[in-house]
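Single chain ahead, by itself, as structure tokens, in the form predicted on its own.
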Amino acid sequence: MRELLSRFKDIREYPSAIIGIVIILFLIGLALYALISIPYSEAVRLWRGAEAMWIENPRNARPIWMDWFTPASLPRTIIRDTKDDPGAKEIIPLTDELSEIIVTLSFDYQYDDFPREISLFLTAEYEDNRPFVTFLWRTPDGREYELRDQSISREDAYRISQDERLRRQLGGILPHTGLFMDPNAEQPTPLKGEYELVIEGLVFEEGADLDVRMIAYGRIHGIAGTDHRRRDISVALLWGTPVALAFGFLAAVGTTILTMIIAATGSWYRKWVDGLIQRITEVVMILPILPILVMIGTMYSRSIWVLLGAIILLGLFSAVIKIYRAMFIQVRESPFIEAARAYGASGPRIIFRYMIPRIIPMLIPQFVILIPTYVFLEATLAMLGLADPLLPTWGKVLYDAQHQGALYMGHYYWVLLPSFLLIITGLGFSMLGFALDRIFNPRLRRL
């Protein structure tokens, strides 16, 4: 054990190992932050929830940091709500039961691009008679557009961007563009200044009320952007970190330890035990692992625990068992093994007490390098549509991006961010693993 710890101290001599450790610590910190800031149940609820849960987020918005690399100021989401600003609403009694409610939602627009869409969400309180409202839009240069008038229910929405009548009124221009366009500009350019959305409502019952929330959706949002369902991609990127690390670590531990025990058992007992292990290994070596996992995910279960168990079982008799067997055969002939047999040590004691600890230093680098291999395998299964239906993961983000044509639509962030995390995961563990291989392998240590 002391010798093992002393070799770990040699890591300081390898800059690549230091970089790998820094990357791994960053990933572990990201995983801990995800677990603390977003509990598992909340992450699942957010990622699998309906679009209404993300109603305040723009659809397919770029990360907010992309604004740093563009000369134009990209629009952020603007929200105005009468519940947050009671002064925006004025109630004028006309008769005992009839009242007029005037809502004025104003905002200063100073961006160089048009919003992605505009929506209104209305909440009305009444008994029998629905309120009747008229929507007006006022621009900084004094123009006024009557958007529409209608009666509204208790929970209603007016998607201004989808109003075809308003689009025809604006000459075929999309409403969220036409309402902000500078009429004097040669190219479509937003007119900067103070805008007003005025809702003039009539309520026909005493005590009836009306609240309005306006959302002008921006083109950038959050640190990782949003997807086609308005979900904040950072939720999947954060929670994908502990899922990926746990999956890779458990799969690597399971296959490495169990394979090592099987190889040591065969090397010690030899005869039919070793022969059976080698025949099983040769059969498993020719099995197509990925198609088998696809079949399990398609016909049985897509649970991450089921897939993890299948991966460990299929990895027990992998080709690496022959490498372990060669190591254990050499250890078996060592003098200290003969001494253990002389004082009557049993076979299991020799295997677990003397043989396995002898080659553990040689297997540590292999174990570290195996972790990203299984991380990539989990992402591959997710991209094939075989991810756990509950967990948000990096592979799921890539799966959604692929099926929504993210690259063709110019949403590069949707693919690049999870790919970057996968790349640095592989880079961090590989750099550390290769450095440990030079530290623990006597032949490489001499180079």
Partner chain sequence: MPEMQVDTSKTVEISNKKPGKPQSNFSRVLKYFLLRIVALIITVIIGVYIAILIANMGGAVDDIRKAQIREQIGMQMMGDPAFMEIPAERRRELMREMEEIEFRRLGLDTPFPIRSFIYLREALTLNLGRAERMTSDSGSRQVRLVILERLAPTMLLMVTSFLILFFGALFFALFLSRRYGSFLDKAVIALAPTSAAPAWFYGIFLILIFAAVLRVLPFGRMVTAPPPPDTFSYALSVLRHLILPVAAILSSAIFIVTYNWRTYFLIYSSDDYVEMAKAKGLTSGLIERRYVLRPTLPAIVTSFALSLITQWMGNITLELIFNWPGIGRLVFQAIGLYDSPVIIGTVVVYAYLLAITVFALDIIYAIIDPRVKVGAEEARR
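Positions refer to the first chain, counted from 1. Model, not experiment: these values are computed from the prediction.
There is another form of this protein, the form predicted together with its partner chain, and it is not shown here; the text below is about that form.
- None of L390, M383, M66, M53 but one reaches within 4.5 angstroms of its partner chain in the model of the complex through a heavy atom, and that residue is M383.
- Exactly one listed residue, out of T373, Q169, S234, S303, brings a non-hydrogen atom to within 4.5 Å of its partner chain in the model of the complex: T373.
- Interface membership of L25, defined by any non-hydrogen atom within 4.5 Å of its partner chain in the model of the complex, is ruled out.
- In the model of the complex, its partner chain lies farther than 4.5 Å from every heavy atom of L32.
- The shortest heavy atom separation between G347 and its partner chain in the model of the complex exceeds 4.5 Å.
- Contact annotation for I36: none of its heavy atoms lies within 4.5 Å of its partner chain in the model of the complex.
- Taken together, A246, I261 and L308 are entirely out of contact with its partner chain in the model of the complex: none brings a heavy atom within 4.5 Å.
- Proximity to its partner chain in the model of the complex, taken as heavy atoms within 4.5 Å, picks out 403-411 from the listed stretches 403-411, 36-44, 53-61, 66-74.
- Looking at 273-304, the residues that come within 4.5 Å of its partner chain in the model of the complex, counting any heavy atom, are R279, E282, V283, M285, I286, L287, P288, I289, L290, P291, I292, V294, M295, I296, T298, M299, Y300, R302.
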